[in-house]
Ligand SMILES: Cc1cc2nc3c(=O)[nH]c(=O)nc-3n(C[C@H](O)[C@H](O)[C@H](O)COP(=O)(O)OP(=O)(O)OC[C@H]3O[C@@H](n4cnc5c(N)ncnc54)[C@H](O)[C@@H]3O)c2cc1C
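Below sits a lone chain in structure tokens, taken as the form predicted alone.
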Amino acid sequence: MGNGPDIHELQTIEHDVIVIGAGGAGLRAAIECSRQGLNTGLVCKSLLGKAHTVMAEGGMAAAMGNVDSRDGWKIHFRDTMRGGKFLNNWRMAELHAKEAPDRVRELEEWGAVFDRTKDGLISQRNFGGHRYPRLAHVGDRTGLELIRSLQDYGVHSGIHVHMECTALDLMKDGDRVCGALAYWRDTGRFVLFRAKAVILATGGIGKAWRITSNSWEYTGDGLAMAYLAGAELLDLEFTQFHPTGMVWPPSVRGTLVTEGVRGDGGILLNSEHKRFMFNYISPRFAPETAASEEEANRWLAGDKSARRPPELLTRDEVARAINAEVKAGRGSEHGGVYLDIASRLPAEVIKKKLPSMYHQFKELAEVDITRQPMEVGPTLHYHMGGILVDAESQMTTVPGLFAAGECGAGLHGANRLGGNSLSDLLVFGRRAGIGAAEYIRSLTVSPQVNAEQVQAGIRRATDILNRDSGTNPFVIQDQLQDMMGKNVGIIRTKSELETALGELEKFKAEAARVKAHATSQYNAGWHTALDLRNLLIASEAVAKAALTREESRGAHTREDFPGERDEWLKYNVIIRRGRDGEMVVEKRERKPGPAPLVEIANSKIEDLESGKVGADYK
């Protein structure tokens, strides 16, 4: 058995399936597993309800046509593909656009209380990159309502919830996943989860950067565990910097300012009080964008013949524009730009439509957004890259291992449209649950846990506590965040990325000697030390993928390779483990999209609306 505890003495919990992560994707996957008759365990790093999904404030994108009847799945699909710069997985984008309306209506049946139109339908608002008002919303607290509704429905569905429990390593029987080793954060005791399938819904990797909207849980846990288990990673270079995070005061720098502010008419101003976004319109991908303030205002007033404001360009374009204004010396007092809604809407309307934003700025920055502009700037918000999954089932390249939500990859391509994340959680969380159930039903023999794997995981974790001396884990994470911000930020170059990879090798060496003092109970230093492995794997994968892709596309901008290159549309960048355990980067040729979908994605809006294109494709 080797050194280490006897696994028969280890706390062991058995389920048919365990879902790791209790955000929107994890909850929806767990609900579906339970509906499929599986004994389901839900493992969450924090408390139930504390998921980062609550930070998705603006709404969930679904082509329901409640506010503009011209909307439909084909136009939503077209917007998603164009927003992702055509690097999206064609089938995932199709499934998402088709199934999102049913998932939103289902959520309403489960108790979600949406804002309403005058006719009593679910209200939908405008958002960047979306042709029509498409985001079903609950003020600016949509993510919170989604979590509340799923959580309430889920706990009445027989799901077993394991809170404040962090997964450390996936267990495998041969090539199949058979559970996970975890530990209770309060006591430090280890627990072994045995399962026939595992669904990862662990979110992104934002805590590798200092300025981020992400909460403390976002340390790339699922990404790293999947990679170490043999799964392939996809599109890691595409890290989305949301254009509008708070820039003042420093204690809340990076905290999200919902895109709903701009969707409801907010405008971006530089230090000269000029509306600068008109200078940054990309004709190739934004032909529906107004080139004048007069036309933009007509669109906001409801003129359906007018084009939308440039503030509603895709997030990568707006973030780069803000970055350019600040670099040109036209930034705000504290290094951002101004977001003005006060001059656009009456105070009572702002308080009604954007209650969270009103209170957030009032309490944290002493700014009354009904009277004065907000200071905002780009913040690391979302990761389009993640674990490679099958479009239909969400299974990874490792049998029995599934991924959904932000830790999965494929739907969003090179850049995610605002609002697509919440409907993504619902659509593919459900599909992961169905996929896991079908996989489990196909098994003829239950996989068994290997004792040596369990012992190795426990030794790795406890070595940190048993060393006489070592590096401070908080220092390494602080240095990592500083380095990633400088070298793997919004604008990238070959020399900076190579510097990043060199620094990451040093961090890995230091992390191997990391020391956490005292015992395992309530030990924040130990928790941070354990997170470092995952953060370093995720950071290396992003830097290597970014160095490999020699073009600028979507959320990945190379200063030394400006503009998109048709050659690179043929490839995805894949990260996998080599024979010797090193990280291998691979350019993999993409399969061409189905002809009908290619035609829809490349068509003019008027041709889709008139039925000239795509009418026969259901």
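Treat the numbers as computed from the prediction; the structure is a model and nothing was measured. Note that residue numbering begins at 1 and tracks the sequence as displayed.
The same protein has a further form, the form predicted together with the named molecule, not shown here; the description that follows concerns it.
K.L.:
Between 84, 263, 419, 310, only one gets a heavy atom within 4.5 angstroms of the named molecule in the predicted complex; which residue is that?
P.N.:
The residue from 84, 263, 419, 310 that makes the contact is 419.
K.L.:
Pick from 487, 477, 214, 455: which residue has any heavy atom within 4.5 angstroms of the named molecule in the predicted complex?
P.N.:
The residue in contact is 214.
K.L.:
Using heavy atoms and a 4.5 Å cut-off, decide whether 21, 52 and 218 all contact the named molecule in the predicted complex.
P.N.:
Every listed residue reaches the named molecule in the predicted complex, so yes.
K.L.:
So which of 461-469, 97-105, 368-376, 197-205 is the stretch with heavy atoms within 4.5 Å of the named molecule in the predicted complex?
P.N.:
Selected stretch: 197-205.
K.L.:
Indicate whether residue 225 is a 4.5 Å heavy atom neighbour of the named molecule in the predicted complex.
P.N.:
Contact with the named molecule, yes.
K.L.:
Taking heavy atoms only, is residue 386 within 4.5 angstroms of the named molecule in the predicted complex?
P.N.:
No - in the predicted complex, heavy atoms of residue 386 and the named molecule never come within 4.5 Å of each other.
K.L.:
Is residue 45 close to the named molecule in the predicted complex, meaning a heavy atom pair under 4.5 Å apart or at it?
P.N.:
Residue 45: contacts the named molecule in the predicted complex.
K.L.:
Any of the heavy atoms of residue 483 lying within 4.5 Å of the named molecule in the predicted complex?
P.N.:
Contact check for residue 483: no, nothing within 4.5 Å of the named molecule in the predicted complex.
K.L.:
What residues, if any, in 54-79 have a non-hydrogen atom within 4.5 angstroms of the named molecule in the predicted complex?
P.N.:
The stretch touches the partner through 55, 56, 57, 58, 59.
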